[in-house]
Every structure is written in structure tokens, then in C-alpha cells.
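Only one chain is included here, represented as C-alpha cells and corresponding to the form predicted on its own.
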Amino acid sequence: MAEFYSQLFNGLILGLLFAVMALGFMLILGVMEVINFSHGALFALGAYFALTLQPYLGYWASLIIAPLLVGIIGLFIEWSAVRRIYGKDPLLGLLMTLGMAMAFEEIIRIVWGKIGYSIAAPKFVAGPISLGFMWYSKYRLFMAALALVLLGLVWIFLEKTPYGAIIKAGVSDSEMVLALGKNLRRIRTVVFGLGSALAGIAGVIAGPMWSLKPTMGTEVLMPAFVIVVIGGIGSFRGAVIGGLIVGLSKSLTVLVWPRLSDLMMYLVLGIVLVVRPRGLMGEKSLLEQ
């Protein structure tokens, strides 16, 4: 039972981390209709920036500064390249961001090298803690708390602020936002920067748990995409629920059939698409109403 509880906690915490990552991916996809394949590279950059900053500034400062740097890079990507393909064939955006992801991966190799790195957990959450029925990593629990705080802050921003309402409207119908006189270009720029910063902060949080390597962004990109499809494009709740489903499916499958753990999320994706093609929380299209 201790092993089951350990994998259950691992799945929940991994799911929350995936949800933070997928939320930024979903906002960019929903508002801009661009499949941002550079999202995983931005995740990796967040982790590598934290690796560089922590020895000088400490954990908390790097937790703030590293995502801001990644957000600035995201703003530059949107300003210099992505805005040129709005309204065009989505394949153009996919190919452009895929090329950027490969370029950023090579930049990581040039700057930090090909070898892997590890980031030590902050001293105040280092080591295990007794939960009564098992011992568990303090940092993983801390990571779950950080992910919950981030998700809560994004929810408050989207649900309780005027600008968040505009972004939600842009997810549903970006052209209608433009027709109502809102600055759609500025909204898209802000959303891309916000989504990039979310990817960066997910990388900072995951750093002490995962080995840092140039290809680490690729490992989280497909789970983020699967989560968005499972949860439904444009749904905050869908991103969170999808993240938990993917995290738990990967973690609990290890107990039964370890070799199947990486494939389980795709099996879940196939079942969801057969039963509910628009995702668990996706809104009905006009053809379905």
C-alpha cells in the first residue's frame, strides 16, 4: 500500500505540473490558433535559467526572474515571427514553432553543453517527511503547493479581471473581440508572453525533480498537447483535469505494467476522442447545437 500511495501522490503532483505547462499551451492555441511547438523549449529554458541564477540569487529570486526572462523571450518570438502567420494555414505556425524549438535546443547545447545537470532542492524542503503512512519527498509536496498557487492565480486573473475576460473571449472567438474594438494584436502578445512565462515557471519548479538536458522540453511537449486535447481547447478546468488524468495514468500504470506507462496517456486520449471529440470540457460547436 505504501508503494501505491507513493505512486498516487507522484501522479497527482506530476498532473498539477503538467496542468501548469498545458495551461500556457492552451491559451496560446486558443487565442492565436497556433500550435506552439516551441513551448517545450521554453520549459527547458526556464529550468536552465534557474540553474544559472540560483547560485547567485537563491531559489525564490530565480523562481521569479527565470520565468520573466522566458516570458520576454516569448514576447520576442511573437513579435518577430508568430504574428506574421496569424490567419494563415495552421501548418505554417506548427512548422515555424517546430523550427524555433530545434533552434532553442541547439542554443541550450551551445550555452550549457550537452551533458546533463541537476538542481538541488532548496534546503528548507530537502529530504523526506513522514506522512504517517509513508515517507515522502518534501520538495514534491512543495512543488504541488506551488503548482496549486499558480493555477489559482491564473484562475483569478482569467475569471475576476476585465483583461482575463477579454482573453477568455479571445479563446472563444478572436475575431469577435476584434469586431468589438479591442486591440487583438496586443491581446495576442500578452497571451503569448503569459503562456511562455507559465512554461518557464513549470521548468523552474520541475528542475530539482528532473535531470536537466537539452531535450527535456520535448519530453513535456507531447503530454501538454495531449492534456489540452483531453480537457478541451479553451477550458481552464479541462487543462487541470486533463493534467491530473495524464499524471495519474502514467504514474499508476508503473505499478501494473511499467513499459506501458508512457503509452497510457495516448490510450486515454484515444478513448476520450471516441467518446467526446471536443474534449471533456470543450464547448459544443455550432454544428452540434
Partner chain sequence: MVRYFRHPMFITFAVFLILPAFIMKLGFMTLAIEVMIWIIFAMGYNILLGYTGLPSFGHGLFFGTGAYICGLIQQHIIAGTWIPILGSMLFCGMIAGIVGLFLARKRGIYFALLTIALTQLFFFIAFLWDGVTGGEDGLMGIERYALTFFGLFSIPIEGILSYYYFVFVILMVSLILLWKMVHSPLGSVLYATKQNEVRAKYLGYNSVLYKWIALVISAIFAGLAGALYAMLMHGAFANPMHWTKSGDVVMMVLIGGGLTNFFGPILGAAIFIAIRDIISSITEHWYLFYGLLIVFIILFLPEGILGYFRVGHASGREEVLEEV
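On a predicted model such as this, the values are computed, not experimentally measured, just so you know. Residue numbers count along the first chain shown, from 1.
Missing here is the form predicted together with the partner chain; even so, the following discussion is about that form.
Asks: So which of Ala126, Ile72, Leu141, Ala103 gets a non-hydrogen atom within 4.5 Å of the partner chain in the predicted bound form?
Replies: Contact residue from the list: Ala103.
Asks: Within 4.5 Å of the partner chain in the predicted bound form, heavy atoms considered, which of Met222, Ile64, Leu57, Val254?
Replies: If I apply the 4.5 Å criterion carefully, the residue I get is Met222.
Asks: Is there a non-hydrogen atom of Met281 within 4.5 angstroms of a non-hydrogen atom of the partner chain in the predicted bound form?
Replies: Because no heavy atom of Met281 falls inside 4.5 Å of the partner chain in the predicted bound form, the answer is no.
Asks: Does the partner chain come within 4.5 Å of any heavy atom of Gly164 in the predicted bound form?
Replies: Residue-level check for Gly164: no, no contact with the partner chain.
Asks: Are any of the heavy atoms in Leu12 no more than 4.5 Å from a heavy atom of the partner chain in the predicted bound form?
Replies: Leu12: no contact with the partner chain in the predicted bound form.
Asks: Should Ile233 be classed as touching the partner chain in the predicted bound form when contacts are defined as heavy atoms within 4.5 Å?
Replies: Contact with the partner chain, yes.
Asks: Which single stretch, out of 104 to 112, 206 to 214, 155 to 163, 191 to 199, brings residue heavy atoms within 4.5 Å of the partner chain in the predicted bound form?
Replies: Flagged stretch: 104 to 112.
Asks: Any chance all of Phe4, Leu146 and Val149 sit within 4.5 Å of the partner chain in the predicted bound form, going by non-hydrogen atoms?
Replies: No, because Phe4, Leu146 and Val149 lack any heavy atom that approaches the partner chain to within 4.5 Å in the predicted bound form.
Asks: Enumerate the residues of 85 to 123 that have a non-hydrogen atom within 4.5 Å of the partner chain in the predicted bound form, in sequence order, or give none.
Replies: Going through 85 to 123 in order - heavy atoms within 4.5 Å of the partner chain in the predicted bound form - the hits are Ile85, Pro90, Leu91, Leu92, Leu94, Leu95, Met96, Leu98, Gly99, Met100, Met102, Ala103, Glu106, Ile107, Ile110, Lys114.
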